[in-house]
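Only one chain is included here, represented as structure tokens and corresponding to the form predicted on its own.
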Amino acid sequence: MNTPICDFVKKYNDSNFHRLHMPGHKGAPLLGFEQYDITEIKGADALYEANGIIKESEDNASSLFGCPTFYSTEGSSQCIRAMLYIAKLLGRNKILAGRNAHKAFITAAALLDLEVEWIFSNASYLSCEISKEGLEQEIIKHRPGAVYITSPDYLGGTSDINAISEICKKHKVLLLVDCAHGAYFKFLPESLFPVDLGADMCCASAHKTLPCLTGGAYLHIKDEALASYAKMALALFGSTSPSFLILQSLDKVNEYLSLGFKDKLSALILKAERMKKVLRSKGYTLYEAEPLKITLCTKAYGYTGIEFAEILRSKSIECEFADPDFTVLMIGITSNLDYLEKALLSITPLAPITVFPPKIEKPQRALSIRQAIMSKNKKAVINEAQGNALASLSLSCPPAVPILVCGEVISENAVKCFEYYGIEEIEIVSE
């Protein structure tokens, strides 16, 4: 598979043109990597009006994924906003969403003034179990224009997209999937790629699980009719100066995926499954996660997730995410699983910790998401915030999943949840 973006930039770099255009470094190695960093000069194409080398590269990606595929240099967040904008263009103003949605979904709902109804479950706030029957009941109750789910979620949990898409089609509802953590799903022995399973649109972050520079992501769309809106939707939220370094990495990933990646991935998964089996036999409790995540339920082993992450750090292992209950490790083709297994088996188990997170109760809504985010606000310590409406999202990334959503009332239960997860200060609506 050719790499038209990379080829153009290399040819331009070798041509010794005098760069009297952006960026300001002019290709000189002041920092060390500038020579391949260009802008939309003649011949380089433009991301949101692609008809040259970028279109050719996106067509390559489309052939690999089997559907119209478009690049983002601003991660899946840009793609999430684009999906919701397309839904709104089609008159789908009410979205039924799994409660474990990423903050990008929340802010997009505010920007687009969408009405959001939530699907709650008894799982961790990072997960949302959605049954076929339960979803149908929620669709009949709320009559949304689209259903939005996160699969895989931050812990690695996956939804039955086949079953969910059947219900959505039955009720003529769009299905949008945040598959940011599952860019490799198309290349599993049995595809879990959301579009293959019936989703109308999905995003996927190439930088999360494929060898792409941070920020590289895909917007995948089921058919050409919906795809006709893609560039306009991405341009609405994207920078007019997309990174050509990221575009080159997306371009090069196409070649990488076409050269035996599926076989390499299968071999990695087999090795990971063997390691997980060994870990369970040695006393570890593992969350049933998607193949490239190892999610440790550390309290059963005697540690909080945060304590466990510190132990791993002392062994030169940096985890993806840790909270009081879980430590999440993301593996890839280049991961040294032998070293990881040895390190994990060297940690001495302790008596199980039996303190568990408070159950997050369904909150009361005082304002819409947009009204809350656009309201005047003030900071408040969490133990003095009860009874007020949350103004903006008080969370970090990772995991960027809210405990409470903007406009919802901070209850006694919410205060306990914030405190459990170490959130000491939030912003509340002041007027």
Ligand SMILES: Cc1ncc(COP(=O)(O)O)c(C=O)c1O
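Note that the structure is predicted; figures quoted are calculated from it, not measured. Counting begins at 1, following the sequence as shown.
What comes next is about the form predicted together with the named molecule, which does not appear here.
Proximity of D251 to the named molecule in the predicted bound form: non-hydrogen atoms within 4.5 Å are absent; the residue sits far from the partner. The shortest heavy atom separation between E117 and the named molecule in the predicted bound form exceeds 4.5 Å. Looking at S205, you'd find a heavy atom of it within 4.5 angstroms of the named molecule in the predicted bound form.
Among residues of the shown chain, H102 is one whose heavy atoms approach the named molecule to within 4.5 Å in the predicted bound form. Only one of 146-154, 233-241, 191-199, 284-292 lies within 4.5 Å of the named molecule in the predicted bound form by heavy atoms, and it is 146-154. Note on the partner interface in the predicted bound form: the residue among T327, S77, S127, S159 having a heavy atom within 4.5 angstroms of the named molecule is S77. Think of it this way: in the predicted bound form, the named molecule has a heavy atom of just one of L247, A82, I95, A180 within 4.5 Å, and the residue is A180.
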